[in-house]
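Just the one chain here, the form predicted on its own, laid out as structure tokens.
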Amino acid sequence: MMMRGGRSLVSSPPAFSNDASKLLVCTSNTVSVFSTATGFQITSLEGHTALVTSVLVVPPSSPAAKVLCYCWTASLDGTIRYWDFSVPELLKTIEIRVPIFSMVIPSFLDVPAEDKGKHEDLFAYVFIKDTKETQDKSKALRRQIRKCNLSKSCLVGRLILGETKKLEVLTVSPSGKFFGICNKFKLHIWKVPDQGSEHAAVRKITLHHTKKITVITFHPTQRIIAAGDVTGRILTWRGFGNRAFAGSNGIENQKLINVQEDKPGVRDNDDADSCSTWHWHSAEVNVLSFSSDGTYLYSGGKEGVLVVWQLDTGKKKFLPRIGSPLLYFIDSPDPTLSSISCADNQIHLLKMPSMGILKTISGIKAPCCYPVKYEGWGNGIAFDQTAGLVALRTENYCIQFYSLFDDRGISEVQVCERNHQPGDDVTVIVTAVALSIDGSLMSTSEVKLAEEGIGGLVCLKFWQARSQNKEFSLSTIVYEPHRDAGISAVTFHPSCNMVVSSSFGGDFKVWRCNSDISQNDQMRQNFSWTCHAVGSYKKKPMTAAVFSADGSVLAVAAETLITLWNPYKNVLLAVLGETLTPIVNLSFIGKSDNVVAASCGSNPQLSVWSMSKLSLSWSYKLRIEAVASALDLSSFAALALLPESSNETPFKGRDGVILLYNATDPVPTAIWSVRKAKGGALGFLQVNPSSVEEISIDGQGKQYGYASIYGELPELDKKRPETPWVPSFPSERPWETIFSGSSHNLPPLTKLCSAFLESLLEKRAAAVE
């Protein structure tokens, strides 16, 4: 069984269902359907074989039709599909045979046959890449806007509405009368033909600007279009297309609007009445959207702030500190609900008009980019083996807890108190994160970067969980735990509150926890950590550390050597061999007496050492990125990077493999090829299989609806075990067995009280006269 997760939620704009109870999100080659009430995934639409780029919900033809759940999707696989996402069920597939980057359907002609003699054809406008070979190579690389007849399942002849060199996104007006794109310094707008004729003329105008335009949006009722540019400015054109789109009255209107002074702000001879400019954003504008009534304009960008402009007055209010650049703002059919998609792979559901965040649909966050100097420091990924969670470092100085089985973010822990803004320079680096076996304790290490060679600080922090939702509170901070040296590894003892930190400065420290119970409003256990012991070996840099499965042995890598210690007495037990290059990963192999080491450098190596023989068992010359062992087995897994020459092998397109070994056998028992192995991590999970929802087995067995959120209902056992009969009179110690029977067999309290009280009293021996 293989489970995949961690896909992007923000590759394309999402869409609300007609009753606003569901949110459809493009997630790789599927469309995930989330509940807006809970934020949990309900179902998914599976069938596309490449990235889904557009999802469009069919609007209802009447108020009673709001319960209908139909949508169109487009993908880079060259198909357009029609779905019933309430089941879910694929109803229709249209083969376009060219990648589709964007799609709009200006009007959904869903008219019943009894109301009209015949159905008119339904047309979509698609932004595609023409993959046909031509003699003109510059033409072959151009993207095209084409018209597609969805009713006849084909493109409309050779009609090309426009061409661009770069990928752009089509934007349609809420009225369905216009659609447009931004192309460098220009804004192209097409008027949708009034008739459903396949070959009806599509008229076009172009508006100009001095800066590159990044996003556009249409007013819902008036001829107003707004655009944002790379400098943070917002331009609003009023009365666009009065000449080109006026029909028979175009000549008269042209005479009336032909003087430059009568068109304030309009450049050249653009077809618009006026153009006004607002400027608040300091960087490019990514989000623009009018409110459903057209009174307000929403904007957002790299600052992570949603700005609400009053269209008539220009007054504004803000939703600040969202924490990530904004990508999309979507209104729902419910005027009290909207969504905003952020670059950190999160979708926030907003309560309008107060703009409070109701729910957050959280995907896995991308790791932050660190300077090359700190790439090999510590381990930035840790696994909660019992809960099936992974802890990841994020760019806003947080640790994200992500559920591997539910495929969603659980919580975040703010490791560094910094007023982080998107785009700010990195000032603090979280170099390592470690979790205890039960996931109740966490330790992190961080480095505050020096500014112009002055300053710099290393911190070791200890955290304790306050709830099942992985809400951690800080218990202890240790500044400069290894003098001015950086921390190379942090690891927890498997059975007691003990942590070991190793440093490049040539020592390791054993930290013990002192817990006490403080009684406030609630009972709370406080943890304080102190240094228990310090160890070193010939002043060599300590590059890795790990405990054995029972915690009786501590292995610390002293550059190219493996030193074995008694962690309780801090006594050196033995020293194992020597590798060619420094060791960066260590792991005891479950119940066996072996330890696996991975070294990096010019001569990378994966080696297995026997502790009983104090010698090398076997080794491979492999570049290992991560190593993990199962606590209750004698096997381990290694993530190996493939050489660049392997692109010509069957591993084409994949840069790594996961090798599963038995401790005593150098031949791997299983091999899986993977993508993006660089910077990856491995972990064995100790999760009860009966409590884990089965997501996919060879593409089958997907669960939907109630089961996808709460799991399967327990099956009732028809053969119930017979409950032993409990007598209704008290025995000598009835309270020990009386509650093991059925409730209707319980004797009255009056019969038990006297026997219970007599058992607590000491009987006096009879006096002998």
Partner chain sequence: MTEIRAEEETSTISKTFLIKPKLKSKPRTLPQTPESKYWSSFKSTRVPNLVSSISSLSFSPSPPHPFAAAYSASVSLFSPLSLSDGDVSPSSTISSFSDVVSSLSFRSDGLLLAASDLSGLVQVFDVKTRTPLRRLRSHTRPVRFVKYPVLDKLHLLSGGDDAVVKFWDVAGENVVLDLMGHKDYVRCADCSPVSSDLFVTGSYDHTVKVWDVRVENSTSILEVNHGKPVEDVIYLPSGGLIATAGGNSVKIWDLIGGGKIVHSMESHNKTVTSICVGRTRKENCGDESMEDRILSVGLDGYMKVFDYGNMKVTHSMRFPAPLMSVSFSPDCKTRVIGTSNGIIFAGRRKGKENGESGGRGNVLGFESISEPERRVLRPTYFRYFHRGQSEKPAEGDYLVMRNKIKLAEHDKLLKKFRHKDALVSVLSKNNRENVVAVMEELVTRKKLLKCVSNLDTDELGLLLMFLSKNATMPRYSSLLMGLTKKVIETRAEDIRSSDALKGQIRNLKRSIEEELRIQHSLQEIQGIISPLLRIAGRR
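None of these values were measured; they are calculated from a predicted model. Residue numbers count along the first chain shown, from 1.
As for the form predicted together with its partner chain, it is not shown, yet the points below apply to it.
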Seminar exercise, completed: Interface check vs its partner chain in the model of the complex: of V575, V426, I410, V657, the one with a heavy atom inside 4.5 Å is V426
For this session: Name the single residue among Y82, Y328, Y296, F185 that comes within 4.5 Å of its partner chain in the model of the complex, judging by heavy atoms.
Result: Y296
Problem set entry | Options 544 to 552, 445 to 453, 613 to 621, 74 to 82; stretch whose heavy atom lies within 4.5 Å of its partner chain in the model of the complex | 445 to 453
For this session: Would you please decide whether T336 lies within 4.5 angstroms of its partner chain in the model of the complex, comparing each non-hydrogen atom pair?
Result: yes
Exercise. T231: heavy atom within 4.5 Å of its partner chain in the model of the complex?
Worked result: no
Problem set entry | Partner proximity in the model of the complex: P353 to its partner chain, non-hydrogen atom cutoff 4.5 Å | yes
Exercise. Can S292 be called a contact residue for its partner chain in the model of the complex at 4.5 Å between heavy atoms?
Worked result: yes
For this session: Any residue of 478 to 509 with a heavy atom within 4.5 Å of its partner chain in the model of the complex counts; write them all down in order.
Result: E480
